[in-house]
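Okay, here we've got a single chain as structure tokens, the form predicted on its own, with questions on binding and movement later.
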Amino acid sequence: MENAFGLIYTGDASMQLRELTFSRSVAAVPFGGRYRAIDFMLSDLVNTGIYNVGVIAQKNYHSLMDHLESGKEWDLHRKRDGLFVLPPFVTHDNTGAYRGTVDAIRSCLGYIRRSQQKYVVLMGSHTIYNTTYNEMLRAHIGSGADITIMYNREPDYDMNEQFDDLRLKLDEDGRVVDLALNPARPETELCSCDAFVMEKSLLEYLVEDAFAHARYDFMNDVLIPHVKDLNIRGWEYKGYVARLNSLNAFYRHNMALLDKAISRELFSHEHPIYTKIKDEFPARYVGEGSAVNSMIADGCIIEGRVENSILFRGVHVAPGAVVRNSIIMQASDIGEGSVLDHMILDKAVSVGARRTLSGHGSYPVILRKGSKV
């Protein structure tokens, strides 16, 4: 795997995630109590043995850069290769505002050409899973494919979760014969996991060719037009996949972690998920404080009752407060006697005493970062 490097595009900002991406990119969205979405992409690459990783940033990337720092937590602070954050910059050819994935990749062709590896694993930042790319790379090389797309089976379809929903149709040999992006009625349950393997030289050619013809979207303007003339193949991933393509999906996939089978699969001991470490005391339960079927991160102080919820670092639940079926992010404070049900609280939200806030399982209510109620 020393002959491959990773390239993660973090420029997408799904409007369907609403307040979650108001001040951060999708890659920096918190997930699972103490992680960010990009932790899974970086950990998958490192667990594969890939130690040259470029992260293309576009906007709202300050939170992302603060989280990544030098890449130490992922063993990517190295003299050779390592982690490279590639923010936009203004030149004669580049205005600093990317018109699409192709434009973003073209802006960092210098990094791509300097990379010594032959193959590139190109990834988005809103699809979460836990795997390694060893088998996918071997299958790609063995089949002689030009491009290999990782996919999984998604039999259930929701019109409200159409965000880069790339559907694949394969022939008997596993070759892609058709691609459809955000179809109204998908003809197949094979859905891209937003991970692509190809030779570095092919990526350079496709990007330069698309840019020369004023085409800026990788899926619409590169993959779909070349289905017939390129050998594009699919590689199936059979594990759990969480797509952060809507607020409901974000809520549903976080709450799914309360299922031990899903939690064990996504946070496998065999393939650990690494994240930025913060030295905080373990969660403390004071007085009548209790938690049932919940994930409680370190630094939390629980004086009330927590049920079926996920609490990030440093959350305080005051005496008499009840938190049910909710996601409470870092440094939020729930006032005495307040009741929260089906809520998503972004970082540093303060809920006063004796407040009642409630959403629904199909429509959780979200409070923006730093809000006070």
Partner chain sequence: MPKKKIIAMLLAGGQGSRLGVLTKSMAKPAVPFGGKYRIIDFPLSNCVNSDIDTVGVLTQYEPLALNAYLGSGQPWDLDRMNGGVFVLPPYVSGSQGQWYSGTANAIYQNIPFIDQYEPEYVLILSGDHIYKMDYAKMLDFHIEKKADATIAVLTVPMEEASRFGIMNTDDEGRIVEFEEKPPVPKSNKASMGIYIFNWKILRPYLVADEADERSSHDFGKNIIPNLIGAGARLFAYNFSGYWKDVGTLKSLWEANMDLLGSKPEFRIADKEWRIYSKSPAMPPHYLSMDSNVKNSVVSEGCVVYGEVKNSVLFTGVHVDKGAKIIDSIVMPNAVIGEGATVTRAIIGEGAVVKAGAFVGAEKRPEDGEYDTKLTGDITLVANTVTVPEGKRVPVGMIVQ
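These numbers were taken from a predicted model, which means no experiment stands behind them. Numbering follows the first chain given and starts at 1.
One more form of this protein exists, namely the form predicted in complex with its partner chain; it is left out here, but the text below deals with it.
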Subject >> Contact stretch among 287-295, 144-152, 214-222, 240-248 - heavy atom within 4.5 Å of its partner chain in the predicted bound form >> reply: 287-295
Original post:
Any of the heavy atoms of residue 279 lying within 4.5 Å of its partner chain in the predicted bound form?
Top reply: yes
Original post:
So, in the predicted bound form, is residue 63 in contact with its partner chain at a 4.5 angstroms heavy atom limit?
Top reply: no
Original post:
If you check in the predicted bound form, is residue 85 within 4.5 Å of its partner chain, heavy atoms only?
Top reply: no
Original post:
Is residue 104 close enough to touch its partner chain in the predicted bound form, meaning at least one heavy atom pair within 4.5 Å?
Top reply: no
**OP:** Could you spot which one of 202, 230, 258, 181 gets a heavy atom to within 4.5 Å of its partner chain in the predicted bound form?
**Re:** 258
**OP:** Would you mind checking 246-277 for residues with a heavy atom within 4.5 Å of its partner chain in the predicted bound form?
**Re:** 258, 260, 267, 272, 273, 274, 277
